[in-house]
Structures are given as C-alpha cells and as structure tokens.
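A single chain, nothing else alongside it, follows as structure tokens in the form predicted alone.
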Amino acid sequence: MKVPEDDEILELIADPSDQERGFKLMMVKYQKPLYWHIRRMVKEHEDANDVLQNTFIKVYKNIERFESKSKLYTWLYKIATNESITFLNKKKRIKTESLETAELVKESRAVDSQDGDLIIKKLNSAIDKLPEKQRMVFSMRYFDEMTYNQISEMLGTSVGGLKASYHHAVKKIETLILEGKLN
C-alpha cells in the first residue's frame, strides 16, 4: 500500500467522511519513526509505546490547530518530543533514589546479557551520560538525520545554540569512548 503525501493525508483528515482513514494513514506513515525518536529519549519499549500513544492522542485532539506553517512531520516530532520530555519529568519526580539505583542495575544487566556490537553499546552508554538537551539534539541530528532548522523549529532554540549543543555532545561522546569512562 502506497502511503500518500502529507498534504493528501491532511486533506483526508479535513474531510469528516475520510477523517478516520486520514488518521490511519498518518499513523502508518509516522508510527515507526516517531516510536524510535521517542524510544531514544525514554529508553524503555513500554514507555515509548505509552508516549507514542499519548502523542497520537494529542495529535488527534489538536489537528485543527495545525496551520501548515511547518511540515506535518515537524509538527508530529515536536509533539512527540514534548510528550517525551513531559514523561521524563514526571518519571524524575516519581522515582526515589533507591528505585533509580535498582533501575540502573536492571538496565546494565540487560545490556550485558544482550549479544550486540560493543561499539553500539559504548555509543549508547556515552549518549546516556549527556545532559538531556545535548542528548535530544544529538539523537535528532545523528539518528533522525534532521537539519538544524528542523530541530530549531521543534525545540524553539536558535540554530547556533543547537550547533553548539551538538558539537559539545560529539566532543563529550568522543572523550568518554576514548578515555574508556563507560560501564
């Protein structure tokens, strides 16, 4: 099945008789990339699924506010990013120190037990050590291959600031990997 272009999807959503079909097509087109964008931020599969579901609910409730000033995927990524940040902030408030320690032990065991490329493990470990904003900018730029302008539109940050964040993130990752300061 060929997925229509964004403008065709938006036309279907605008038509009450085709609205459900339009939303289904939008989900087919963007579910996987949004899931991986969210997953890199929240880490856990179950959490990523919950945030993705919240993202699509928010999109459904607010689609009439989409003004086509930006591209549909930019708007969707912005909502997904905001939902991920909200989730992470709630998770930080709820967790106690002992729960955080237990989770870190669980995650480290899961990584150790998986067969995988050592380089990918080191990269992910280094990314996890970055401050939240640098981690988001690095993931959007490196994994999602977004332009600085797209990221700027989503995060409401200047392109210059994003370039600096990305540069600092890359340098920190290089230092962590080269100096062997990873678990």
Partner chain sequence: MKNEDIKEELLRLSKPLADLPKVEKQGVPADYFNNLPSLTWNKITTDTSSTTHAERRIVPIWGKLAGVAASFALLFSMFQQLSLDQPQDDLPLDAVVEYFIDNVDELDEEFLFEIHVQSLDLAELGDDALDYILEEDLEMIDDQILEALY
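Residue numbers count along the first chain shown, from 1. Keep in mind that what you see is a predicted model, and the values were worked out from it rather than measured.
Quick note: we don't show the form predicted together with the partner chain, though the next part is all about it.
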Contact label in the predicted bound form: residue 14 to the partner chain, heavy atom within 4.5 Å: no
Since only the chain is shown here, I'm wondering whether residue 67 would be in contact with the partner chain in the predicted bound form (any heavy atom pair within 4.5 Å). no
Answer yes if any heavy atom of residue 177 is within 4.5 Å of a heavy atom of the partner chain in the predicted bound form; otherwise answer no. yes
Consider residue 63 of the chain shown here, and say whether it contacts the partner chain in the predicted bound form, taking contact as heavy atoms within 4.5 Å. no
Across 18-40, which residues bring a heavy atom to within 4.5 Å of the partner chain in the predicted bound form? 19, 20, 23, 24, 27, 28, 31, 32, 35, 36, 39, 40
